[in-house]
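First, one chain by itself in structure tokens, the form predicted alone.
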Amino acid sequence: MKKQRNKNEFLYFALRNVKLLIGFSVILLFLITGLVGPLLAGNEPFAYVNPLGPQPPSAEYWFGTTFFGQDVFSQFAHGLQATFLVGILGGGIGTIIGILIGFVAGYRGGIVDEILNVFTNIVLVIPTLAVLLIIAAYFEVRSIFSESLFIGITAWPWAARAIRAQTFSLRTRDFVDLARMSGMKPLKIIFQEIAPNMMSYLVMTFILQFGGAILNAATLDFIGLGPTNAISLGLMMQHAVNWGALQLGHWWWFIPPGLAITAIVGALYTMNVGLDEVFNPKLRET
């Protein structure tokens, strides 16, 4: 009964939160475009469909064509798929690692906490972008999955520290003491007692990791260290810059992917602010 009441309360305030609704609507719009867009385009992203070369948007080519006569809208739609995939995989890996290390360090304390905290601090001070550049440059053949893995294994430290701090404050609560006295194993206590009380925080952590993964991927793609066997929004901008789209005034080649990355990341952070207002009674809009 209590869970149902909490669920109804969450839905009530979520549907009234403008920031959350706007952010979710933007993400949903781009997600649908990424799923349906390739079917609407009818062209492969690297196919040479227009022998006239670069052409502005038209009824036939909605986002125009590239220097080589490739359909920009087809590349854009496929690029959205890659962007969301990197966000989900990279953000998910970073969140999972952060959750595991943060929960174990925060609950166990003592020498285990000290060791994990030292390890987290070491990874935290290492320049993430520099590490990603070195790793990406080492592999001649790169895929979206490998890029997501690289991003995920370098993005977890801040999440681990934040979750560790939250776990510290919860492990001394009465319901945790009762679970411990009943003989429940530590892992069960963590995931059955502590984690549900931090679910809102974990969801917001994933959203931040999602946006961070997209930005890191766009940076790698833009400097030419992105996937070698796929197209992404960052790679679209990199190709446009390499072939002088900016100097030649071919705005339809680089503006759509740039705006999409900005809008997606902005919408994710707007959603995060909205969720914070929904979950926190002190911030709710009445």
Partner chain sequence: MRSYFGRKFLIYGLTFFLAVTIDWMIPRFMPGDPITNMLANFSVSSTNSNAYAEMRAYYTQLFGLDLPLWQQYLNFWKSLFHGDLGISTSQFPTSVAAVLLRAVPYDIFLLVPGILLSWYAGNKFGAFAARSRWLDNTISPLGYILTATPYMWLGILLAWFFGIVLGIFPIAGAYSFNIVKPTLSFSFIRNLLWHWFLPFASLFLVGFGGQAIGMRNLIIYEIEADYSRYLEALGAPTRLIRKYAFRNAILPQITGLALSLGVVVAGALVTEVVFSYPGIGYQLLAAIQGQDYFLIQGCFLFIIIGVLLANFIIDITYIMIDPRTRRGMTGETA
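Numbering follows the first chain given and starts at 1. Just so it is clear, the structure is predicted and the values come from calculations on it, not from any experiment.
FYI, the form predicted in complex with its partner chain isn't displayed, but the following is about it.
Chemist: Heavy atom to heavy atom, is residue 110 within 4.5 Å of its partner chain in the predicted complex?
Modeler: No, residue 110 sits far enough from its partner chain in the predicted complex that none of its heavy atoms falls within 4.5 Å.
Chemist: In the predicted complex, does residue 32 come within 4.5 Å of its partner chain, counting heavy atoms only?
Modeler: It does not: once its partner chain is placed as it appears in the predicted complex, residue 32 has no heavy atom within 4.5 Å of it.
Chemist: Can you work out whether residue 139 and its partner chain are in contact in the predicted complex, taking contact to mean some heavy atom pair no more than 4.5 Å apart?
Modeler: Yes, residue 139 is a contact residue.
Chemist: So, residue 180 and its partner chain: in the predicted complex, are they within 4.5 Å at any heavy atom pair?
Modeler: Because no heavy atom of residue 180 falls inside 4.5 Å of its partner chain in the predicted complex, the answer is no.
Chemist: Among 246, 230, 47, 26, which has any heavy atom within 4.5 Å of its partner chain in the predicted complex?
Modeler: Looking at 246, 230, 47, 26 one by one, just 246 meets the 4.5 Å heavy-atom criterion.
Chemist: Just one of 187, 165, 134, 199 has a heavy atom within 4.5 Å of its partner chain in the predicted complex. Which one?
Modeler: When its partner chain is considered in the predicted complex, the option within 4.5 Å is 134.
Chemist: Just one of 39 to 47, 65 to 73, 219 to 227, 52 to 60 has heavy atoms within 4.5 Å of its partner chain in the predicted complex; which?
Modeler: Checking each option against the 4.5 Å cut-off leaves 219 to 227.
Chemist: For the stretch 109 to 125, return the residues whose heavy atoms include at least one within 4.5 Å of its partner chain in the predicted complex, in the order they occur.
Modeler: Result: 114, 117, 118, 121, 122, 124, 125.
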